[in-house]
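One chain comes next, on its own, written out as structure tokens in the form predicted on its own.
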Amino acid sequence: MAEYKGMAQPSRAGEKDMRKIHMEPIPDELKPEKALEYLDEYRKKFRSFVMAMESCTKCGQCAENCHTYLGTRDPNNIPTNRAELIRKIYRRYFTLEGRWFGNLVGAEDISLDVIEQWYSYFWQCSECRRCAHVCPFGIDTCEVTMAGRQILHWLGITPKLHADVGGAMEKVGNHTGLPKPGIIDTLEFMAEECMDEFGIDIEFPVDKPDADIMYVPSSADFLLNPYTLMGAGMFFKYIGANWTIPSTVTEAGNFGLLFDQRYTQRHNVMRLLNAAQNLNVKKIVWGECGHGWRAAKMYVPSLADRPIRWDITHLHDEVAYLINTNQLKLDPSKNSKPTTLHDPCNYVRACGLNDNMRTCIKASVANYVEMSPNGADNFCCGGGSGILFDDKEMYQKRIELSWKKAEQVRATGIGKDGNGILCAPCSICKAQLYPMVEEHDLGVEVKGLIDLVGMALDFK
């Protein structure tokens, strides 16, 4: 087996097998046996996983709708074939025909080679759910990818990026490992930059008690996307909000959703709700992160260990509401370059942000060009679910996975003069698209949606 780095944390007393976290590494010779044990636990708990295992007719509808397959043309990246990597094991051990007839019915024994395939292909799937969107039976092969990654994690097989992120989030509440003094210093610097560039005097309050709004930014906004955080600050300044950023939760993303359920729970519940309770805030507003917003919107209510007494909304919803009620004065001429919108997968195929994102961008830019296809039909950026590895082999794979998105952007024509704007309202999308636009020579600059809103605000 290749060298992997896994995360190990003790389980809580009384948790079921599905929640076990093994402290000791599992030797290679025991991995097949343990993988089968975990697969059995998984199928018994999740009916959606069993549906994906037993309902696919191999119609092939998902093939030409998967950006990963279109970019690599690897048959194992066709969503149904990727699912088959685990389905053939399921068939061998958990169906009557598989136990009787084996490979005659497409069943296969579990082995280290099979587990190696799982690691390779489940980490090429970006969990964008476009395959589910087009499947005539509604099969969500993202569920299979999530199951495969979870089982791999239980085996101690997790990409170093995600293991390190999980550890950093566990320690300080963001994936960069930035402690509170670093957070405050960075925000003070951003406030100075905002005054120098836009002439707007803003404050980024940290751990302010009794605030009306607790804003959860992406930690990437402190390093890679400063205009996103400045845009949010200008927006809150404009509306006169009593707001704060919690030093213990400076990460809108939730990498637990991408490799392990327990990290999802600890970040959403142990940190998020504790911060809201300790600061006595009234509302939680989420920053620009697709999978993080999906985790917050869809999983907080079911994972919470206490009643949810806070409204939890997304920043784009807040902005769109004020636009629709004529409470936000925007000057789109401040953003005059031709602009198109990339739809983050989790926003439009899981969280219903399609219309509100367009309300925000159309009010903020003077020359909006719609991408095609768009909304729930749009293609992934190629970096979804944290496929942001920087080693030479995987970096090249990321560029392959972005081929379809590059084709979409080029078709809009916004980059023909080299001054277009590709709006990416998600921190992982931004991280993927920054190098993608250069590698594909698209002639566009990547900006967040709240970046554009902030720059269009009319403070006069």
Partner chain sequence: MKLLIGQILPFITITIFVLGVFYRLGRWVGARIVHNVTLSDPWLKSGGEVAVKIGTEAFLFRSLFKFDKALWAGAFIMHFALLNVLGGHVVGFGLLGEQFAYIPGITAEMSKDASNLLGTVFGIVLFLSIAYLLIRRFSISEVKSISNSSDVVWLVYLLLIVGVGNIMRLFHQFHIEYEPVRDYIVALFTLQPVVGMELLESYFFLTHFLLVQILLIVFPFSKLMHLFGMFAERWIVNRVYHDPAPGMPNIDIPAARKAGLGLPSGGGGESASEGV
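What you see is a predicted model, and the numbers here were worked out from it, not measured in a lab. The term rigid core refers to the maximal set of C-alpha atoms that superpose within 1.5 Å between the two forms. Positions refer to the first chain, counted from 1.
The following text describes the form predicted in complex with the partner chain, which does not appear among the structures shown.
If you check the partner chain in the predicted complex, you find a heavy atom from every one of Gln61, Ala241 and Ala350 within 4.5 Å.
Only one of Trp286, Phe259, Tyr90, Trp154 lies close to the partner chain in the predicted complex, with a heavy atom inside 4.5 Å, and it is Tyr90. Per the 4.5 Å heavy atom criterion, the partner chain in the predicted complex is contacted by stretch 296-304, the sole one of 333-341, 109-117, 296-304, 359-367. When contacts are judged by a 4.5 Å heavy atom cut-off, Thr412 does not count as touching the partner chain in the predicted complex. In the predicted complex, the partner chain lies farther than 4.5 Å from every heavy atom of Gly167.
Lys34 falls outside the set of residues with a heavy atom inside 4.5 Å of the partner chain in the predicted complex. A residue is said to contact a partner when one of its heavy atoms sits within 4.5 Å of a partner heavy atom; Gln124 fails this definition for the partner chain in the predicted complex, lying far away.
Looking at 168-197, the residues that come within 4.5 Å of the partner chain in the predicted complex, counting any heavy atom, are Lys180, Ile184, Leu187, Glu188, Ala191, Met195. Core-superposed comparison between this form and the one not shown: the Cα of Lys283 travels less than 2 Å.
Relative to the superposed core, Arg262 undergoes a Cα shift of 2 Å or more between this form and the one not shown.
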